[in-house]
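Only one chain is shown below, in structure tokens, and it's the form predicted alone.
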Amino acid sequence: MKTFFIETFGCQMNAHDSEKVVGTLLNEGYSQVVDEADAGLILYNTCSIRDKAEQKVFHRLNEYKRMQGEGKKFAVLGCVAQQEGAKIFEKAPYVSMVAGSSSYRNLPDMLARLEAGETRITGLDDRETDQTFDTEFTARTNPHRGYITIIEGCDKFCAYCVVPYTRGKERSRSSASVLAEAQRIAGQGFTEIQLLGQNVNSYVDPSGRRSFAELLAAVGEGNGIQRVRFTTSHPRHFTRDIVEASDAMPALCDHIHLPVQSGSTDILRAMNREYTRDWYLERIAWTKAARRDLSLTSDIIVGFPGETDKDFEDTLTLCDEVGYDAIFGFKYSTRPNTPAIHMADSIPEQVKVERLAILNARQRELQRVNYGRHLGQTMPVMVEHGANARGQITGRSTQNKTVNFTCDHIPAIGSYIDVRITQAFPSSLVGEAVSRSTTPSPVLLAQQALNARVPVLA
């Protein structure tokens, strides 16, 4: 029996890429195992967005090296594969296949060559093809959420970011094919759908039929779909009609992730972000004026080359003004091929560490207040995990907030239940169920029972 084990690092797009890989492997007669020791083929789906990603990849591969004498084969996929290419074979000669994310449609051929005994197979695409959206054999391994990639690549070339070099230029998928896949997913029992893209709101329908906001609304109108999320948005393409769609369409979640990266216009200019602080805050004002209570989250980089104390203070004051429900804060690090690699990394590491700690502490206090607003409220929660050691079920609100709650029965994964909030912490809510859950379809329950070992294929 042909068996495989896959390990995935990185964003939700990487996780969805792995679903495509898993689906293809299953269709080619492979069986997925949960322990690499039981696998004949080990695949490592990589991400290069963070510092020293390549070193981490080779460190992990070195851990796998001890198994090469057992007849196992190894493959490196994803962004580091695209970035490093054939150099991976030189650094880790026991690796037999290297494939970037745009070449997964060619996996059947690469697998056949691997089975025939080839030891250096590369799938490094030009990253300009729209065939990356082929989802014929996508495995749905998440038991409660269905992902759909609607746009690949990035044309922004932010000074710090490697994505345009690993994912290629922007290319969008037709709205008709997105809606068709959404209905297939809904037919399998999924009630929550998340639309994905490096710059998801840069979406341009090749058929010219729908704008991004219109596509959001159309997905939300689908039969059986109760929640629609999207990530990640770019402020430059965040338009007022997205907020209007959220107000008009109940299925659109009350959550917008809008990365700002810095609160300083000078640093935004150095980052090549294509907007100013005031431009960003205008879009925040749109969301705050919505009829619905839209939760706002963001990404922020500290210590970008040239960031002064005043620039950093601008970031802190922007956080105060926006009042994010969560941020993902990072220290700046140089990435291969990016324009910023030619800038002097002038901020000492210790200063970066201190600024990140200050930012996180300030944000934690903001969240303490924000989450406290929910005390006494009753909200619908989608169940994501069964009972923990304390007997609490874990789910997620429409604002993407974690809710831990007690219940007089164990609700099914993917079902919805009303929860009254009794406690609030800076990153989670606690409550008690006040209604029985709505049950998802038998297909989703069956998938849950199999623990995703035999994923549903779209």
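The first residue of the sequence shown is number 1, and the count goes up from there. Fair warning: this is a prediction, and the values are worked out from it, not measured in the lab.
Another form, the form predicted in complex with a small molecule, is not on view; read the next lines as being about it.
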Subject >> Candidate from 178, 301, 77, 193 lying within 4.5 Å of the small molecule in the model of the complex - any heavy atom >> reply: 301
Original post:
Just one of 261, 226, 297, 188 has a heavy atom within 4.5 Å of the small molecule in the model of the complex. Which one?
Top reply: 261
Original post:
Would residue 331 sit within 4.5 Å of the small molecule in the model of the complex, counting heavy atoms only?
Top reply: yes
Original post:
Using heavy atoms and a 4.5 Å limit, would one call residue 50 a contact residue for the small molecule in the model of the complex?
Top reply: yes
**OP:** May I ask you to state whether residue 160 is within 4.5 Å of the small molecule in the model of the complex, using heavy atom distances?
**Re:** yes
Original post:
Any chance residue 335 has a heavy atom within 4.5 Å of the small molecule in the model of the complex?
Top reply: yes
**OP:** Can you check 42-50, 419-427, 398-406, 60-68 and let me know which stretch has heavy atoms within 4.5 Å of the small molecule in the model of the complex?
**Re:** 42-50
